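Only one chain is included here, represented as structure tokens and corresponding to the form predicted alone.
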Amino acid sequence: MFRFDLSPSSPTPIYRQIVDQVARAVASGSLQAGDELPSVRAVAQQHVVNPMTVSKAYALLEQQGTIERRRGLGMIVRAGEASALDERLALLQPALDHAAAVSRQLAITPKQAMAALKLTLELPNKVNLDE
């Protein structure tokens, strides 16, 4: 079953994190038509968030046509295909824009930022620019 990676300290609201993560998982094909999402209660308990926050995210995803409510099954991913590379890169662009802005604020050169991104992609959570 799909697992959310929610960060309460992020400036992005929790409901938006849920919406974005489901959208990216569907776009990449890691969530496919018929896959079940965890229940509102399960997500709320696991991440210690208000169930209304999770419910709001699921309602937005339902309005967007990404998921649908099935009686007795909970929320499932609607039929669709994995997105083309251009569409997936468009979903990545806001994070890249943010990383670029922070890099400029910290006076990190493009070469250093690219090295950090490469390390992050290869070894998550183990960025060390001094090597």
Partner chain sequence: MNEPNATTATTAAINVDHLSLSYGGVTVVNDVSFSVAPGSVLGILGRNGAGKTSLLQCMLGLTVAQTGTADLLGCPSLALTDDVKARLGYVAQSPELFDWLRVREQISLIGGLYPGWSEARAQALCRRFDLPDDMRVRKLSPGEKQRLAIVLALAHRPELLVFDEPVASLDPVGRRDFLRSLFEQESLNGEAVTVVISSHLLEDLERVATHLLFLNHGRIQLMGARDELSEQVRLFVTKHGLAAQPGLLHSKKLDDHTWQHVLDLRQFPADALPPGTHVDEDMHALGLADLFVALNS
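The term rigid core refers to the maximal set of C-alpha atoms that superpose within 1.5 Å between the two forms. All of these numbers come straight from a predicted model, not from anything done at the bench. Residue numbers count along the first chain shown, from 1.
Note that the form predicted in complex with its partner chain isn't included here; everything after this is about it.
Enquirer: In the predicted bound form, does L92 come within 4.5 Å of its partner chain, counting heavy atoms only?
Expert: Contact check for L92: no, nothing within 4.5 Å of its partner chain in the predicted bound form.
Enquirer: Applying a 4.5 Å heavy atom distance criterion, does Q64 contact its partner chain in the predicted bound form?
Expert: No - in the predicted bound form, heavy atoms of Q64 and its partner chain never come within 4.5 Å of each other.
Enquirer: Contact with its partner chain in the predicted bound form for Q45, defined as at least one heavy atom pair within 4.5 Å: yes or no?
Expert: Q45: contacts its partner chain in the predicted bound form.
Enquirer: So, A25 and its partner chain: in the predicted bound form, are they within 4.5 Å at any heavy atom pair?
Expert: No, no contact at 4.5 Å.
Enquirer: Report yes if all three of L31, G34 and L73 come within 4.5 Å of its partner chain in the predicted bound form by some heavy atom, otherwise no.
Expert: Per the other structure, none of L31, G34 and L73 touch its partner chain.
Enquirer: Can you name the residues of 30-69 that have a heavy atom within 4.5 Å of its partner chain in the predicted bound form?
Expert: Read in sequence order, the residues that approach its partner chain (within 4.5 Å, in the predicted bound form) are Q45, Q46, H47, V48, V49, N50, P51, M52, K56.
Enquirer: Please say whether, between this form and the one not shown, the C-alpha of T109 moves by 2 Å or more once the core is aligned.
Expert: Comparing the forms between this form and the one not shown, which are aligned on their rigid core, T109 does shift its C-alpha by 2 Å or more.
Enquirer: A33: CA shift of at least 2 Å between this form and the one not shown after core fit?
Expert: A33 C-alpha, core-superposed: shift of less than 2 Å.
Enquirer: So that I can tell if A59 moves, could you say whether its C-alpha shifts by at least 2 Å between this form and the one not shown after the core superposition?
Expert: Result for A59: no, shift under 2 Å.
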